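Just so you know, structure 1 and structure 2 below are the same protein chain in two forms, each on its own as structure tokens.
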Structure 1
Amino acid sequence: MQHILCSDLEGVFVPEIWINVAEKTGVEELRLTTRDISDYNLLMDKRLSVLDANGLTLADIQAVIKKIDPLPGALEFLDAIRAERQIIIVSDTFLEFAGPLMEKLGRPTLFCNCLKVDGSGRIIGYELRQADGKKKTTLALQNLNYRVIAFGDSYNDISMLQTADSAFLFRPPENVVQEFPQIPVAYEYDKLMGLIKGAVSS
């Protein structure tokens, strides 16, 4: 059977995008995460109204995101992976935000959500492609007769990791490690590569 990789984006290959946007724009309210507002739709509505209140258009945010770099070593790791096999990155982020970062990563395939933008560049809404997209992507790839090796860093990756044929946590917070002790953990790309190679040859 052929193996394919399925991975998260933020925390794995790039830093958390909203937190970086908050830092680089100085708009502290953009730091809010699902830890602060657990309902994702409420959180996104809040973020969009904060952007609006600060007169920030999509172009402004993209200019900020262009200054963010992938995590050190991420490009080299991805290049090494892509020289040998295929990888699909599945993220809850938006295509319009991830674009500049994906370019720096050599444009691996990204399945994610997208924004609604009006003629003036104002972000007026967003479109979530589907609920639990990470798990559904894993199932779709298995249905295409791939053996899926998945990795991610946090709670929103767990259903993908539990569905995949092999799964690893990369730089997870300690509570995730405690809660899912059966999932092997890597904190460095070298270790992650070793786990992936082990899964391919097992």
Structure 2
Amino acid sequence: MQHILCSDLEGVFVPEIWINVAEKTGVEELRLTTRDISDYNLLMDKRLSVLDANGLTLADIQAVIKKIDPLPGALEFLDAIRAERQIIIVSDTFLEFAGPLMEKLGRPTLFCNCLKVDGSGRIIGYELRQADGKKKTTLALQNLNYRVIAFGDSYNDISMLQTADSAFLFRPPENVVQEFPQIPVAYEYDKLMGLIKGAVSS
């Protein structure tokens, strides 16, 4: 069986988008991420309410995203993976956010969601590609006779990690480590690469 990798995006290859938006706009409520709140729909509903209350539009967020660079070493790590096998980034971000980030990462394959935006640029909702898309992506690849190696950092990655044939947490917050002690943890790309190579050879 061939191996294929599935990875989260934010916190793994690029900084957290919403934390950057919070820092640039001064709206501290936008700092909450899937590292803090496990219910993604609850988190997104809160974000949209905060955006609306502060008059922030899609263009405001995109302006912040254009200035975000990959994490140090991320592109080199991603290139090293792509030199040997396939990787799919499976993210809860949105197509309307991801363009500049994908460009800086060399256009990896991305599965993500979409936003609903009105004529004034106000974000009025979102559409999940499918419910529990990370887990279902993993299952679909396994049904195609792949062995899936997955890694991520947050609550919203856990169903993917628990379904994959091999799984790792990368730079997770301590609360996630404590709740899921059975999942091996790496904090540096070279350690993560070692875990991946070990999974491939096992």
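Numbers follow structure 1, counted from its first residue as 1. Each form is matched to the other, and the largest set of C-alpha atoms that superpose within 1.5 Å is called the rigid core. The structure displayed is predicted, hence computed values, not measured ones.
Pair member that is the form predicted on its own: Structure 2 is the matching one, since it is the form predicted on its own.
Is the C-alpha displacement of Ser38 equal to or greater than 2 Å between the two structures once the rigid core has been superposed? After core superposition, the C-alpha of Ser38 moves 2 Å or more between the two structures.
With the core lined up, does the C-alpha of Lys104 move 2 Å or more between the two structures? No; that C-alpha moves by less than 2 Å between the two structures.
Quick one: once the rigid core is lined up, does Ile123 have its C-alpha move by 2 Å or more between the two structures? For Ile123, whose C-alpha is compared between the two structures after core superposition, the shift is 2 Å or more.
If the rigid core is lined up, how many Å does the C-alpha atom of Ala22 shift between the two structures? For Ala22, the alpha-carbon shift amounts to 2.8 Å.
Value in Å for the CA shift of Ala59 between the two structures, taken after the core is superposed: Its C-alpha position differs by 4.2 Å.
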